[in-house]
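Just one chain is shown here, as structure tokens, and it is the form predicted on its own.
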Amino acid sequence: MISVKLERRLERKRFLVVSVPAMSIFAALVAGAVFLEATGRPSGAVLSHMAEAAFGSMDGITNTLGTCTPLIFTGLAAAIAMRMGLYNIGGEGQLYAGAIASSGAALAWTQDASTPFAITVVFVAGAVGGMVWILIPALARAFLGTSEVITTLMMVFVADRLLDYLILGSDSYWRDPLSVGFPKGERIPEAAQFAKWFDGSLVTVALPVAVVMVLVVWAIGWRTSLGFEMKVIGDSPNAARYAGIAQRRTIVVALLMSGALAGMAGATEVGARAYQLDPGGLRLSLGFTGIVVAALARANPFGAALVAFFLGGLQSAGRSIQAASDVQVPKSLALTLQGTILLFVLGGEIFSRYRPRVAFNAATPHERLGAEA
């Protein structure tokens, strides 16, 4: 009998870091081409248009960079928690809280402010909002041993309802009192709006801020005693306890940093795109996608930036093929194609950790008797 088993690799070869994702993407493109042909769409034209829209032109690259910016923040948020074996599933809620805090701070403090001060206020307020929103799960995890997976996820739904209440269910400070018909958030002052660096692109000052945060997370996680303690706790809590590492303090600090980064993603959405607290526009699952970014990057901040760029390109390409008149791909089909590529990339990660082994097993006496009979 022939059986196929997955055997864990004792060490992951460096070439697998590049070869496995490359083969996964190639397999996804082949599967996507078959799917497109089956639905009557020209696969070559669609895939070529996607590549051009995401990475093949200056407009495509700048749109991809703008799209991936909030994903860098949410990817870093998940990665810094994964560094010590924690799973911040509630980055989406912290993003909402960051958007609430940043838009409120912009409305309150940047009416007559200079642009540098206003942008600083937006980012700092967003970080504080994310930290406040993860504080209860962080304390519960550190002092009560409560699963942060459950508590951070529950806080997402609270933040989601709070968004609707502030704009749709009350005359709050965030709601535009002059909005007629469907309620809208009040527009933040012009000084707090992130200027576009290129005409028609999505690139703003948020991109270099995200790059700086990549360096900050790497420096903290890989070059400081705090980062070492986080790694030890993640690898072996018992060893950390015997070494005298303050686990409760480290857990709280790590989760607060994670929440701050997710909150900065919310600040980016307010300052670079919506210019107001926009409940509908914020529900893009950027926080949940950040978990995928961190997982594919293996919690490495530089890897998170690269994966975010790739996923940002997929999103940008998906929007482009919906609007293109020459390929005419509906939204549902574009989302299916994006999901197929992402699924293959995620599935390919199995082969970077495990190797398939084919075993030829001799038939058992019972099987031989059955075959003779």
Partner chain sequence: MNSNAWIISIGASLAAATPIVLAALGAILHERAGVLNLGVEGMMLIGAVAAFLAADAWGNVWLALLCGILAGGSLAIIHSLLAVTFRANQIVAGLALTIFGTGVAKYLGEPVNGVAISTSINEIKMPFVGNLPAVGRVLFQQDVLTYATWAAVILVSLYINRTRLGLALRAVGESPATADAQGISVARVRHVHVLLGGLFAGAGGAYQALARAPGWNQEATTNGIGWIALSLVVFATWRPGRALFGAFIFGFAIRSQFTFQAQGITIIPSLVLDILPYALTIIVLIVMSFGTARQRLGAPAALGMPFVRDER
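Residue numbers count along the first chain shown, from 1. All values reported here derive from a predicted model rather than from experimental measurement. Between two forms, the rigid core is the largest collection of C-alphas that superpose within 1.5 Å.
This next part talks about the form predicted in complex with the partner chain, which is not shown.
Pick from 63-71, 341-349, 300-308, 49-57: which stretch has non-hydrogen atoms within 4.5 Å of the partner chain in the predicted bound form?
Stretch 341-349 is the one.
Is residue 245 one of the residues lying within 4.5 Å of the partner chain in the predicted bound form, judged by heavy atom distances?
Close contact is absent here: in the predicted bound form, residue 245 is far from the partner chain, nothing within 4.5 Å, heavy atoms only.
Is residue 161 one of the residues lying within 4.5 Å of the partner chain in the predicted bound form, judged by heavy atom distances?
Output for residue 161 is yes: heavy atoms within 4.5 Å of the partner chain.
Any non-hydrogen atom of residue 146 within 4.5 angstroms of the partner chain in the predicted bound form:
Yes, contact at 4.5 Å.
Please determine whether residue 109 contacts the partner chain in the predicted bound form, using a 4.5 Å cut-off between heavy atoms.
Answer no; every heavy atom of residue 109 is more than 4.5 Å from the partner chain in the predicted bound form.
Looking in the predicted bound form, is the partner chain within 4.5 Å of a heavy atom from each of 89, 153 and 291?
The answer is yes: all three residues contact the partner (heavy atom, 4.5 Å cut-off).
Identify which of 335, 45, 27, 324 has a heavy atom within 4.5 Å of the partner chain in the predicted bound form; exactly one of them does.
Contact check passes for 335.
Between 256, 232, 226, 136, only one gets a heavy atom within 4.5 angstroms of the partner chain in the predicted bound form; which residue is that?
None of the other options qualify; the answer is 136.
Is residue 315 one of the residues whose Cα moves 2 Å or more between this form and the one not shown, with the core superposed?
Result for residue 315: no, shift under 2 Å.
On a rigid core superposition, would residue 62 pass a 2 Å threshold for CA movement between this form and the one not shown?
The answer is no, as the C-alpha of residue 62 shifts between this form and the one not shown by less than 2 Å after core alignment.
Note yes or no: does the Cα of residue 46 move by 2 Å or more between this form and the one not shown after the core is superposed?
Yes, because once the rigid core is superposed, the C-alpha of residue 46 moves 2 Å or more between this form and the one not shown.
Change in CA distance between residue 314 and residue 345 in the predicted bound form, which is 3 Å or more, as closer or farther
So the answer is farther.
In the predicted bound form, whether the C-alpha atoms of residue 262 and residue 338 sit closer or farther than here (change of 3 Å or more):
It is closer: the C-alpha separation of residue 262 and residue 338 falls by at least 3 Å in the predicted bound form.
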